[in-house]
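Below are two forms of the same protein chain, given as structure tokens: structure 1, then structure 2.
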Structure 1
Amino acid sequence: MLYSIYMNEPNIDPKLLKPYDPKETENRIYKIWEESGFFNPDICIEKGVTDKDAETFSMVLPPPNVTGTLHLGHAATLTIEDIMTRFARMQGKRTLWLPGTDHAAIATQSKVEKILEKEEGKRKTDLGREEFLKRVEKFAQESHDTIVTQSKKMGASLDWSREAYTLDDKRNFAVRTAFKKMYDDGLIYRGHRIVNWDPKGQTVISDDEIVYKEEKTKFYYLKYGPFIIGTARPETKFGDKYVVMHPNDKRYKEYKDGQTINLEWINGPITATIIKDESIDMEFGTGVMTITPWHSNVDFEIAERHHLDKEQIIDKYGKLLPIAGEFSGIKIKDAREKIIVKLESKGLVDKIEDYVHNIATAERSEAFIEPQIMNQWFINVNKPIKDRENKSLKELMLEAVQNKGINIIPDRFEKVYYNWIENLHDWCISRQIWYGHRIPVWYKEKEIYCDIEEPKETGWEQDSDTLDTWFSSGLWTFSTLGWPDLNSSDFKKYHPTNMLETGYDILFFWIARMILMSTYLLGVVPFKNVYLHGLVRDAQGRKMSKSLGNSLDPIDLAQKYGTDAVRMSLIIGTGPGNDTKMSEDKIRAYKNYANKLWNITRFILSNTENIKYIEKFENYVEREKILIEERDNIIKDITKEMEEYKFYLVGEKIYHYTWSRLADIIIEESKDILQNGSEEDKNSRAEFLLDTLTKILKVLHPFMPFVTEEIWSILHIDNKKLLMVEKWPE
């Protein structure tokens, strides 16, 4: 349907006489959207803008951590997902985009501990568990409020009536329900395995909470009997009594598996055992190595395969144990050179080289990670599950993608996903911190009790550990929709969700765990599509960080240039799975584009206000028919690319058509037609310009929602209907 400017409005809206002002517009527009209720699919149906039998589109927001404020990566997530949501809503789909935040156990607790120490000179133990948790919850609530405000500033059309939190009562019930079922099925167990231990934070941490930092150090070649072994960590070698080589290495064919040899070592003579293992890289170094199973993941796996002894060398605080003899009680870093001096005195150092390598550190405490074998809670990823045709969690996770139940965009990440799953180890889910979901297990003497609710009898003591944050966020797609209540209307309508959009850097840590939880607990995939976006980098392609001074605050940028400009700069030029470069120059260019659109609107309305139109105009002259065909073909391509998630191409096409084609050529040509043309030519061109403007506003709305909604209101096209619920042009 084509619309007209009414004859009783001889003057254009006064707003158009001024430059476009995002500061004056954006908060007002967002309030109108919120008050309309159209973020809620139920309200859309109730008010007749969506059919009750319409196709469903659902998606959950990756919950940002309640540790502070949003960064440009979050802004990219919000922008991409809002584009998907607004497009689906304008297509007439029953559209749900569900918001929430993550308690982010270690990250949030660590933040509060640092604040407590800096401002009050206290530790959490000075307050006690209960009082400390009150402090954490207050901090988390303040962070949550900031994040919600910032999300709204980015124009996110989230259904705030359904907002969830990973640590709220409903999610806590879901977590306990999942834990209980996994425990009863024998998938959750407590046992001694190697884990990432943070000696400063005094907790196990996940791989995702490790930051690798480049370290310049020494690499030592040591004489171990008849062999030369290489190591950067001589402080771990006190318990090394196994020397490992590849069974096909001809250099060592005289040595047999299980053979013992006597040799002189750090603290005296020892007996070492030869181990032949195919995991050894014959091309690396001398092709022979000793192993420290207690303090190396690789060495632990070798020891497990061959049923070897494992001996602890370093304690939980990063100090050497009595096995180190005279070095006992010394911090490992301080002991290193002293150990080398002793080895040199015994003639056991072959040579020393300079060495640069990446060392694992804890993201929050910045301490060096010390792998340790500890008694922790794990999920067994290899055990057959009766309810799932005796398939293991690992097999369920592989099949979900292999059978095309889940489509990963871009598809090159499928191979990365398979490789990670195939090498997946049992998942350590316990953390030695106070903030988070407490493990629902209680002890009384030798008895163990696991249930959703705590035992009614007295004398039971709950496990002091909390669950890994990824456990609760792994339930996110369905715990937010009402699970474990399978009769929840939201669960029935919206699960599995259509889309999961997030950064490629958490493909394993979050996406894989959601697939694990959903395929095990529900027997279905959690989502049908996964869209992976890249990292947001600076103009030189560097990762943004405070230390480099190159961080850009999305909210500050939105205040300066307008949210629409920030959104466009995050989309154009960046395909799925690719990193994007950001600079203020790029954002400024799209601020100019918003102004251009504003000026186009002013020209069209001011130059057509005295032309009489009918609502549905069909008498176009031939010149307009050619222009309409060109425009409609572009819209057809845009619609196809939107459905293929090629938002970077769509944004670029709209931008170039609006600026280079409509503004620079068509409008320039129109000036003479509207002034000197025949009545038929004037009507034809005026109707085309107005119709084209309305269509541009519609296809541009998911990308630049504020300026398009403001112009739509100025057009007086329909006072009762917002652009956000207009139908996508066909």
Structure 2
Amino acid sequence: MLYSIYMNEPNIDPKLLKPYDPKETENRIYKIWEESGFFNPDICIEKGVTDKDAETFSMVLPPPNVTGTLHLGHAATLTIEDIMTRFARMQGKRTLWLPGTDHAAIATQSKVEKILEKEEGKRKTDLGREEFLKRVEKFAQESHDTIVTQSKKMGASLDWSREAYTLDDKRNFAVRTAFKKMYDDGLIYRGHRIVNWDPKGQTVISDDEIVYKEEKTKFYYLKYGPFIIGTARPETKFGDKYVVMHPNDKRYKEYKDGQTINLEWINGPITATIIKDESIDMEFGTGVMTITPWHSNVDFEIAERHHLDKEQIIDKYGKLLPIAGEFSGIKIKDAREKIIVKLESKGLVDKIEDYVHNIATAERSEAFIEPQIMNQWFINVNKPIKDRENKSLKELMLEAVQNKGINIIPDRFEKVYYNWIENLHDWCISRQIWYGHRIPVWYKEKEIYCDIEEPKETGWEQDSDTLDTWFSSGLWTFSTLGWPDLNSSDFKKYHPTNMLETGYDILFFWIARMILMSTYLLGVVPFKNVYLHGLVRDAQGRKMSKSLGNSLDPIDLAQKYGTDAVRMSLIIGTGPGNDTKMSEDKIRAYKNYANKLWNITRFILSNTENIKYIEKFENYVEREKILIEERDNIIKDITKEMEEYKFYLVGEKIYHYTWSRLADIIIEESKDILQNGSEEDKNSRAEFLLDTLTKILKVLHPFMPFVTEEIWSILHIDNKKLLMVEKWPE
């Protein structure tokens, strides 16, 4: 009996007699991969699975923040990049996918601060810099270990021997080297300029770390001498002694630029100066405003243009300074009502309207940003650079994409990138936090010293600030490959990298900064291609978050359905740049698919037991020749689509071929052929089935690496290597 052979036939692997069990399989397979050393391109060459002079494929993993555990977004990143990596490796390329983690300065520090507050009721200042940093490092180490374990669980074929950390010694050396060079070139400068101050986090943040939130508030019309001025923030108005209007505003043509007027204000009489400036919107409010240069970007610029005095009104903690007179020391949010009461009593309030506007908050601490003028470190993005044909950083960043040195997928993000660069201001890189790369600058009285190493003489004190975390991330494609040692063999071999794959949400934060650093420091692009994926959302399309309670843990899902199923469901139905919606139904479907493949294998092996698989079988009959042509055309399409990064199409194509075509049609008709056909027909069909199975395993391997490797290990094939280093089928 044909169908009962396997029941008592010892030749079939007993594993096949049960349904596919990912739990039993995955860790074992990953260990075999790791022990083979094939994640490391050098070992692939040493063991002869990759040619010594093979084409290179290199890519860095976007280093996850050491702020906890991986979420589905990371799982998507790992899956897409692992598909790229495994495909390249099977194509015979010298393939490096380099792992690492990110110290994520502000994010990690504030996380530990929150834990400290919650568990011990302490602040970081209670511990002191050194002790607090020990706590952060311990937390970071634990997060790191979790992240590595989880990445392995996802099947990522990362070269762990090259693992890096954005804050380890090598990367710190790279950071100091880069800083010193930029300082010497005059690109890094210390400036007394208006910055985004986070009163809660007690640090400056960059423009990109601001999140705008809509706020309903009041809009006050106040009598300011002969004018009515509009403001949403009366609490900042104490020092306002300039009143600004558009030079073409006919309503105010009797007032001349520079003219002074005396008027009664919050705390008594003042003298105000008329300023005419074209930046004023005549349509907004009354077309007249007073300015607070210390606490408003726009006002700061007006004051700079007209060389006006600037006065601080609010301190670092959000309290009013003595200039506010009787309101001194009051928190600004409490002061507003009180000030309005006083203004009303003086008859200076004209009217009050409801108003909706966007308010700047800090991404991490969620506090309202208070612009302040402070001494901070900046990167000048407009200064011409001698070694780079007098181009500015802005121009270098623009050209890298415009000249097609970098290809962005999907290309609509090129526009977004250009738009961002056009609006780019000098990048504030200093942070008043403790966890991060310390600024390599030392002070002694009025002297200042910048170098890679600290000064030898005594008496120098290092700047207490640390660098924006994206400064070190910007160096990532080459700091991980041995830079600043230009003779490093990794650097020479793998830079520029071929691909940078990440979520579109960090286009500005990270991708732009890497382009900045690489084009400036090395004169080359950091990567030739950028592939941007979307965010992973829940079944309702909401962003996954702990507070909503809708976040799915990729590791839980992998435990439940198998990693291959999770990977497949993250890929199929998702084009580049578009958000993905995840649901357990979808994952369940691909769990069934893994098992289907398992059963297809069982059928084929149990029905071809006396047949030896011959890779280049020559006696196919006409019926199989037709099937082979169909199959090989599909494989050709698949290869082309893999090269075009259309993984969502490939995954679906393989799925359909194996299930609807191979299983439902071809295998069904094979039952008859294998039982009743002639010897020639039987052999032809058996060879076709074995050949097709091996090819499906190969093209499916980048997507579902575990189940394919496991089935591969069961097949009887001569000179078999691990599937992960087998050649991609032609």
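Only the largest set of C-alpha atoms that superpose within 1.5 Å between the two forms is called the rigid core. Residues are numbered by position in structure 1's sequence, first residue being 1. Computed from a predicted structure; not experimentally measured.
One of the two isolated chains is the form predicted in complex with the RNA, namely structure 2.
A summary of the domain motion between structures 1 and 2 places the hinge between the two rigid parts at 376, out of the options 640, 376, 212, 159.
A rotation of 10° separates the smaller rigid part from the larger between structures 1 and 2 once C-alpha atoms are superposed. Fit the two forms on the rigid core and the C-alpha of residue 356 turns out 4.8 Å off between structures 1 and 2. On rigid-core superposition between structures 1 and 2, the C-alpha of residue 254 is found to move 8.0 angstrom.
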